[in-house]
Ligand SMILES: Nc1nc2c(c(=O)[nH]1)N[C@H]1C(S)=C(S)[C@@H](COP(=O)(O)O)O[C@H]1N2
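Okay, here we've got a single chain as structure tokens, the form predicted alone, with questions on binding and movement later.
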């Protein structure tokens, strides 16, 4: 993990100062895996931070007031609606325990194949959290909103502002079917008012999707027939439809690429730590696995010999299909150097690629290669 300084963390009262700083402007903080281990739900002080633009009052773990916060609903609906934050707080809320992961998590792994520009994420842009909020479908019902049959997407825009006038606003589109089924206007994180630094007072949250699609500081929702042509959606947060060779030139269009929407199948080893010296004998290995929640996870495999043989770990149940699933396995190890691999398999037989760089892309998104940890048994 590349750490620049502790200045940014010192400005965020309540954030653990062991988080790695990948960028100060905009603020990007990464969580070492040893801090994630042992927490079924990631505490807010340990949760990674990824900002694209700047929200002047948003660099705090304190919540922003709901009073006077408004969200506009517009586009292909029979009448526009202006929703107040206080109105949302009085409506019935639901809770999702879910993985929150930056779509760039693991970008540095892609760069091993060919250099990629962008935030040099290790693999700490991840956490498992509980978001609570009001289903968007309930808001539509309360305001008697009818959506045009031609609408296919929901465009979401936050209140954050670009650092310079040349940068566009931040906007994403999500499939309307998923939005109406799962999206909430989140008001709480882990049972407490949603911190400003994590998108409060109101954030659009759709479980099973990458973090960039959970638009922070929500201020506008528009129902549309097509995806947004905003730079961050139409060009930046996308991956090619076809397999590319590392370093291959590629110009993004709506036709040849797809947004970084749903989480790829992934797993991590949290214990023991990389490079950890261990005595010979029996040891417990543990970690987590997850996907977008659409298909059950079935198996977690661990290899101690570079994938020549695999051992089935115990995959424990999770609080929801969208949360990470803890796994454990015991192994008797003799003296020597080992590289431990873990690999998740879902109920359809899909598994993580042994070499994640097969999905190399110019933006460095959606890395999901098998996780590897080097250890030494003394």
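Note that the structure is a prediction, hence the values are computed from the model and not measured. Residue numbers count along the first chain shown, from 1.
As for the form predicted in complex with the named molecule, it is not shown, yet the points below apply to it.
Interface membership of residue 173, defined by any non-hydrogen atom within 4.5 Å of the named molecule in the model of the complex, is ruled out. Using a 4.5 angstroms limit between non-hydrogen atoms, residue 345 is distant from the named molecule in the model of the complex. Looking at residue 290, you'd find every heavy atom of it more than 4.5 angstroms from the named molecule in the model of the complex.
In the model of the complex, the named molecule lies within 4.5 Å of some heavy atom of residue 212.
Only one segment in the set 178 to 186, 270 to 278, 72 to 80, 96 to 104 has residues whose heavy atoms sit within 4.5 Å of the named molecule in the model of the complex; it is 96 to 104. Only one of the listed residues (66, 52, 340, 41) places a non-hydrogen atom within 4.5 angstroms of the named molecule in the model of the complex, and that residue is 52.
For the candidate set 197, 301, 140, 88, a heavy atom within 4.5 Å of the named molecule in the model of the complex is found for exactly one residue, namely 197.
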